[in-house]
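Okay, here we've got a single chain as structure tokens, the form predicted alone, with questions on binding and movement later.
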């Protein structure tokens, strides 16, 4: 075949493919629904209660409720490397929310990442995990949401840079990265392990924060739950090996998920919202199932506590700034001030979260069962990069069992 004929046939093939793609896209968009009747959903109290429980297990409120805003009325901005995506109103308001959505529309959004109007959702809405949800659970969550008070809160426009603001591009993204099954991150086969896998990987969509992301925002499933920094505070490694290395065992992990405080460990930043809005509401059996899956049917032995010396410069800063609350021995005050000795954040190989906490502090927090912790001040204005690095290295070496390898440049990068 001559080069001219080959070029001609290639051009024809490109035109045919482009025409087919355009027809497909047009059909999808034209089939989308923008009007329609307001839906009235009648469900029994038991069905609504089940839907509420599942919505809490799926942590819907954490994203769909803005700080100080009405529950499920949207508005929370989620920053990404591509711009800011705003969570939408999912109350049954007919104009701003899902009041005209049918259960089929809702299922399509959760399973396929497609809105009622036929446009693609961005994966900030974790349909990449919710794809594994059963239709029965989707219908139950829908029935619950449709009983909420409609909130006339307009949706904010997503602010993404070109070309990421072209939603049609998600068709190609889904072809490349959307999968029906997420890989298991632990070993097991028990009923508790199976239930825990569904709670962790699907409803709780833990991998959306704890799994590293690729250059196009896709989850790198070969490293599921290995930890990632979507925001300022990183989501740590929660594989069995990662948890065991920081001293977690089934009992302590279950207490942490249900209460937010376990020994010297307390939830903060995004994980605090997860506990308060989601995991605290789960049954004891479901909490046990989550810990079974996260650690496996045969959990690895938790690493023993390690106590070291640390550097003198860091020790000086610790005594001056930290010991008044956390104690000279780092044990804190039970139920009042978290301990630093054997603290999971200090035992992280990545020092990011410890540096951030040192610079920014942690605000006062309320926990289940009327527990609360006072705020911790940040020391960004009191410590130079060198002093902050020395303090962090002291904490890591003295009570975290980690190498004192934090440099001033690491601190500077997080200011």
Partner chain sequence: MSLPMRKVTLTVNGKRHDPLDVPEGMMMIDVLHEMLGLTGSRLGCGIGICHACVVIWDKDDKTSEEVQTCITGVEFFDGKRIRTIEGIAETNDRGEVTLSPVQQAFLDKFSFQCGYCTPGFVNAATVLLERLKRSPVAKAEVEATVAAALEAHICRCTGYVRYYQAVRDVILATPGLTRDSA
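As the structure is a prediction and not an experimental result, all values here were calculated from the model. Numbering follows the first chain given and starts at 1.
Beyond the structure shown, there is the form predicted in complex with its partner chain, which is absent from this document and is the topic of what follows.
Student: Looking at 160, 184, 321, 249 here, can you tell me which has any non-hydrogen atom within 4.5 angstroms of its partner chain in the predicted complex?
Tutor: Of 160, 184, 321, 249, the residue with a heavy atom within 4.5 Å of its partner chain in the predicted complex is 321.
Student: Given that its partner chain is left out here, which of 178, 325, 171, 192 has a heavy atom within 4.5 Å of it in the predicted complex?
Tutor: Contact residue from the list: 325.
Student: Give a yes/no on whether residue 46 approaches its partner chain to within 4.5 Å in the predicted complex, heavy atoms considered.
Tutor: No.
Student: Please determine whether residue 156 contacts its partner chain in the predicted complex, using a 4.5 Å cut-off between heavy atoms.
Tutor: No, no contact at 4.5 Å.
Student: Can you work out whether residue 50 and its partner chain are in contact in the predicted complex, taking contact to mean some heavy atom pair no more than 4.5 Å apart?
Tutor: Although its partner chain is absent here, residue 50 would stay clear of it in the predicted complex, with no heavy atoms inside 4.5 Å.
Student: Is residue 136 close enough to its partner chain in the predicted complex to count, meaning some heavy atom within 4.5 Å?
Tutor: Looking in the predicted complex, residue contacts with its partner chain do not include residue 136, since no heavy atom lies within 4.5 Å.
Student: Candidate spot 312, 315 and 336, all three in 4.5 Å heavy atom range of its partner chain in the predicted complex?
Tutor: Every residue of the candidate spot has a heavy atom within 4.5 Å of its partner chain in the predicted complex.
Student: Using a 4.5 Å heavy atom cut-off, which stretch among 212-220, 283-291, 122-130, 326-334 contacts its partner chain in the predicted complex?
Tutor: It is 326-334 that comes within 4.5 Å of the partner.
Student: If you look in the predicted complex, which residues in 362-399 sit within 4.5 Å of its partner chain (heavy atoms)?
Tutor: Sequence-ordered list: 374, 377, 381, 382.
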